[in-house]
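Only one chain is given next, in structure tokens, and it is the form predicted on its own.
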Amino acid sequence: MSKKKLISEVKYSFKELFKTQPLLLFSPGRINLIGEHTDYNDGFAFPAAINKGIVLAISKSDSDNNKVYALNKKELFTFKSEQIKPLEYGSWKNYILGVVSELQKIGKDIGNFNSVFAGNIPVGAGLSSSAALENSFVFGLNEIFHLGLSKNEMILISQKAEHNFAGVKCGIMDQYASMFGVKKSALLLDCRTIESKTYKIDFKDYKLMLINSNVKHDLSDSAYNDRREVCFRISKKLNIKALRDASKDDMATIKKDISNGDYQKALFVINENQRVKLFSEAIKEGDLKTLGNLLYQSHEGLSKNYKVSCDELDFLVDQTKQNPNVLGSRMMGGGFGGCTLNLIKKDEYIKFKKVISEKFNKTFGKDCSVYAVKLSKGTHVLNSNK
């Protein structure tokens, strides 16, 4: 569904349900050009907001509870603001409960509210629909209740909501990119200082293609948190704050004391941080070939060293290597499913979409989904209800 249609449907649904004018916001999903699993290691990443996201309609309510209508799911969730706890099978509800709870923890006075939201981010694609949802609510609540929060404060609320209510110990990259995104640009993000430098990107005759394997992954399962624990354990062994501070020479000093699997995972993070820096230099020089090569190197590390890929993702990346019109490809996101990110010639997009879709279906007996994305603006108000 297009963004324009999404806005129209959310606005209409809100007026039907609550008979009043809402504040309307858009909060985008994100892609990460390079720098995967580096964020929780205080490292560097290169995310960008995209033109797919969550539209939220929200307003104050005079009732004694909060109402949230998930338009895509046709589910109405009603809750009171007192004694908020995570729901055992809360799915999307926990992200919203988490935001409200974390705002309460910092002493923000929130009244009751009504809301409707819908999105066009493919679920399970690794495009951070959860961060977009969290950001939309913290931004919306900040606006209607005049909480006076900065964007930096808001993304920390979103991150804590994910940690404490969804059980995912995510880094800050997803929330940051969704909140701070700049049109036609990516953000070189330092995940330690939570500061970024904006890089306007001209892909020239190429465009970004996402191929969703439609393998559903759940980041709250043990695999993601296990990788995080490995990194923290090795940092402690090296007596450093995070793997961002480690070098290959440092790793050599403890190689005999740790498993080969843990060694390879830590080495991946060190190499990936270096790739992010090389990627930024290639952007400045307009060197698209190097950008593509770095994407392939990143995937190789994610698959062979960090071991967060899967057969479907490896297949999609391998297929692009046979096509001279694709400069680079890699899996994107937490892993174990989701999307590959591909840099492909604009005039070959339709042809390759047909070819890869047929090959994927023939190999796995199911369909992949293919779509183009543009680099977009971060979370923002679409109108004013005043």
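Heads up: residue numbers just count along the shown sequence, starting at 1. Keep in mind that what you see is a predicted model, and the values were worked out from it rather than measured.
The same protein has a further form, the form predicted in complex with alpha-D-galactopyranose, not shown here; the description that follows concerns it.
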Among I121, L149, A166, I172, just one has a heavy atom within 4.5 Å of alpha-D-galactopyranose in the predicted complex, namely I172
Only hit among P47, G43, G333, G328 for heavy atom within 4.5 Å of alpha-D-galactopyranose in the predicted complex is G333
For alpha-D-galactopyranose in the predicted complex, the stretch among 319-327, 347-355, 56-64, 32-40 with residues bearing a heavy atom within 4.5 Å is 32-40
Applying a 4.5 Å heavy atom distance criterion, does Y263 contact alpha-D-galactopyranose in the predicted complex?
no
Q.
Whether W92 contacts alpha-D-galactopyranose in the predicted complex should be assessed with a 4.5 Å heavy atom distance threshold; does it?
A. no
- Is F180 one of the residues lying within 4.5 Å of alpha-D-galactopyranose in the predicted complex, judged by heavy atom distances? no
**Study point:** Touches alpha-D-galactopyranose in the predicted complex: Y224 (any heavy atom, 4.5 Å)
**Key:** yes
Contact check, 260-285 vs alpha-D-galactopyranose in the predicted complex, heavy atom within 4.5 Å, ordered by sequence, gives none
